[in-house]
Ligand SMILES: C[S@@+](CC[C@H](N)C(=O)[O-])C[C@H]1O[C@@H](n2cnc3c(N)ncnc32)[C@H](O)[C@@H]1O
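Just one chain is shown here, as C-alpha cells, and it is the form predicted alone.
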Amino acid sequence: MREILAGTIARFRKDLGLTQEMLAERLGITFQAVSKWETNQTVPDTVLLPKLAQALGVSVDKLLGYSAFGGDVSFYESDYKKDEYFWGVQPSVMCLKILETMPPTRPMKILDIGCGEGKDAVFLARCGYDVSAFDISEAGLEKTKRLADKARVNVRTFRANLCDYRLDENYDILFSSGTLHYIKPELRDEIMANYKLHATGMVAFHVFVKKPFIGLPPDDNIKNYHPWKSGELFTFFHDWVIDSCTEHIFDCNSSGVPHRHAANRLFARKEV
C-alpha cells in the first residue's frame, strides 16, 4: 500500500502542475515531507489523508488506488447485472497456454487484471492456481464470486481502477485479456515497470492494437479506449524470454453489431 500511495501522490500532483513546494504549502507542511511520501520513505498521517486528497482534487479511495474512472462505473456494468454471462463462461485460449507453459506443479499465484465476470479467473482456480482478480465493475466481481462458488473454488476479488492501482506484492503469473487498452498511454511506462517488478514468473497479456483498416469498436467506452501500437507491448519485455508474441485479427459480435479487432498477444517469462 505504501508503494501505491507514493505513486498516486506524485502522479496526481504532477497532473495538477504542482511542485512539491506548492503542495506542501497547501497542506501547511514542509516540502521535505512531500518528498518523503513520494519516495516511499514515510506515509501521510491518516488524519491528513482527506486534506491531501482534497488538495489533489481526488477522493481518498482514488488516492489509495481503489476507485472507478472519475467516479463512473464500468461501461459494461448494466450488461454484467444481467443473469447471463456477457462474455460467456468458456475460458480464453490464453489460459491453456498458461497451463502448458507454467503448470501448477507447485503453489502458484496468479493475478487476473481486469477479470470482467471471472470466466478466466475461475477456470485457472479450478486448474489449481492460487487466483486473485480485480475489476472496476462491482457487478462483474459479484458474478465472478458466484461463478467461483458454483465451481467450488476460491478466487480473491477486489475492486480497483486499472489506471490507479499498483501492485505491492509478487505473483508468479500476471494475466490480462482484453483490458490493457484502458491504460492511458502516458501511464504505460510506469504501470508496465510495476508489473515487471512484481511478476516473478510470467506475464500473459492480450491487448487491442490500432490498424488503419479497423474502426473503433461499437460497444466500447471511447473516452477510456486507448488501443496500443502494433508491437508496442513487446518492447516492454525485450529483456525477458519471449515464449510467444503474435498479432491477429478476429471477428467479434459482443455488442450485437459485427465488427473486428486487431490484437497483440504476449507470453513472456522472467529469466531467474
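All residue numbers are counted from 1 along the displayed sequence. Here the structure is a predicted model, which is why all the values come from computation and not from measurement.
Form predicted in complex with the ligand: not shown, discussed below.
The listed set F123, Y129, Y80, Y171 contains one residue whose heavy atoms approach the ligand in the predicted complex to within 4.5 Å, identified as Y80. Of the residues A199, A160, L111, A148, just one reaches the ligand in the predicted complex with a heavy atom at 4.5 Å or closer; this is A160.
Within this chain, P104 is remote from the site of the ligand in the predicted complex, having no heavy atom within 4.5 Å.
Put simply, T179 is close to the ligand in the predicted complex: some heavy atom of it is within 4.5 Å. The closest heavy atom approach of C115 to the ligand in the predicted complex falls within 4.5 Å. Of the heavy atoms in I136, some are within 4.5 Å of the ligand in the predicted complex. Checking 149 to 157, 136 to 144, 186 to 194, 95 to 103 against the ligand in the predicted complex, the stretch whose residues place heavy atoms within 4.5 Å of it is 136 to 144. Looking at 87 to 106, the one residue that comes within 4.5 Å of the ligand in the predicted complex, counting any heavy atom, is W87.
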